[in-house]
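This document opens with one chain alone, in C-alpha cells, the form predicted alone.
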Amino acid sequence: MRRARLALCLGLAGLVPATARADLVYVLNSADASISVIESTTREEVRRIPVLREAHHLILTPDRGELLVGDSGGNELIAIDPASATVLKRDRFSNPYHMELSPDGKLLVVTSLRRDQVDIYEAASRTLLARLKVPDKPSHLAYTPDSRTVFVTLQGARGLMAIDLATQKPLWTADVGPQPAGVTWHNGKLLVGLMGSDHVAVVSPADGKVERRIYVGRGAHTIFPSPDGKLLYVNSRVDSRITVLDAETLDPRVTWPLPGGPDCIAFDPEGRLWVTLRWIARVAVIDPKTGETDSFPVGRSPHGIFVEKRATPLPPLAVSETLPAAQPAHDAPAPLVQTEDDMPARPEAAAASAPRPASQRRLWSR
C-alpha cells in the first residue's frame, strides 16, 4: 500500500509544471503619474515607478533590453529594464505620445498629439533628424514592412498622413473618417480605427482611399494582431467591447462585452489578453479560447500595457533602495488638456508612492 501511495504521489508530481510563471505586467497609469509593475500570478503590485506627468504608450526594443515609456506630459522618454523593472535612464523628449521603431530598426518616429508634430529620430542615438508640423492631433502610427513610409493618424483632422522617410516629407493626406486613432499595416492594407464612428476603415496605402468598412461598435480604437497572426482584436471604447476578426477575411468572429472602456492589449506567453480599462482603473485578463474574463485594480486611467515573460518572482525591494528621481524636462510640461484619446479629467492627481498591494488601492470609476 505504501508503495502504491508513493507511486501515485510521484505520478501526480509529474503533472505539476517544473517552474511556476511569474510574468511582470507593466501598466501605465496616465492619470496617476506612475507605472505599476504587477506580478501575473498574484495580480499584486510589486513595483511602482513614478513618472513626471502622464505616460501613455510604450515599446520594446528589438534586443528586448529596454522598455521605452513615453511620458507625454513630462516630456521624457524613460528606458526600463523589463526583466528587473529597473529604470536605466530618462531622456528629454518633446511630448512623446505614441512611438514606434521602424521594422529595420533604424528610425524611431514619435507623434506629439498636443504639439501637432511628428518627430523622426535616429533609433540608435535617438538624435532628432526631422520635425514635421502637421494638422491637429497626430495620434498613432504604422510603417510599411520595408521601412520606407510611415502612416500617422490625425485625430482632429479626420486624416491619415503618409510620410516618406527618405525625404522626411508628406506624400499624401486623406480623409478616412471622424477621429482616426489606431492604424495597423495588415496584408498590404492599412486598418484604421475610427473613434468618432463605429467601424474600422480598410485603407489603400497608395493614396489613402477607404476601400471597406468593418463594423465593430462605437468608439473603434485600435487593432491588435494575435501572437499567431490568425486573429485581430479591435477595442471599441464607447460600446465597451472587443471584436475578434478573422485575419484573412477581416470578417467578425465573436464579440466580447468588456465594460470600462477597453484600450491597449498585451499578450502573455499563454496567449491570454491583458487589457487596460481606462474608465474604471482596472486591467482585464481574457482567455481567448473561452472568452472568460476577470479583472483587478490598478492606477487611474490605465493606458499602455506590456507583459514580460518571467519564470520566478521579482526579488523584494530593499527598504534602503529608492527609485531614481525624475530629471527636469527640456520643454515645459504641456498643460493637461483632455483629448479624444484621454479619459475625462479627474479632480486631483495621486502622488507616485512606494509599492503597495493592488487590493489596497482606491478604485475610481465613472
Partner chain sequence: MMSRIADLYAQATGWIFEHALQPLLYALGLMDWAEDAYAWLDFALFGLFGILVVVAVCRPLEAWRPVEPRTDRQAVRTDMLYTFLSRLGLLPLLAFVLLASAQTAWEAWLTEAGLLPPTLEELVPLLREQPLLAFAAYVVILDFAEYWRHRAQHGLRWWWALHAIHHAQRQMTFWTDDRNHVLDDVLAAVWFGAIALLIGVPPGQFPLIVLLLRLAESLSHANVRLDYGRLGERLLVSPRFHRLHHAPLSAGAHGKNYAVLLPVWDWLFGTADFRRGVFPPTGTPEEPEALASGGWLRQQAVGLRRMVAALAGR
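Only a predicted model underlies this, so the values are computations on that prediction, with no experimental measurement involved. Positions refer to the first chain, counted from 1.
There is another form of this protein, the form predicted together with the partner chain, and it is not shown here; the text below is about that form.
For the candidate set Arg213, Arg126, Lys189, Arg92, a heavy atom within 4.5 Å of the partner chain in the predicted complex is found for exactly one residue, namely Arg92. Just one listed stretch, out of 103 to 111, 223 to 231, 129 to 137, 268 to 276, contacts the partner chain in the predicted complex at the 4.5 Å heavy atom level, and that stretch is 129 to 137. Using a 4.5 Å cutoff between non-hydrogen atoms, Pro297 counts as a contact of the partner chain in the predicted complex. Contact annotation: Tyr97 falls within 4.5 Å of the partner chain in the predicted complex, judged by heavy atom distances. A residue is said to contact a partner when one of its heavy atoms sits within 4.5 Å of a partner heavy atom; Gly74 meets this definition for the partner chain in the predicted complex. The partner chain is not shown here, and in the predicted complex it never comes within 4.5 Å of any heavy atom of Arg148.
Contacts between 139 to 165 and the partner chain, taken as any heavy atom within 4.5 Å in the predicted complex, involve Gln155, Gly156.
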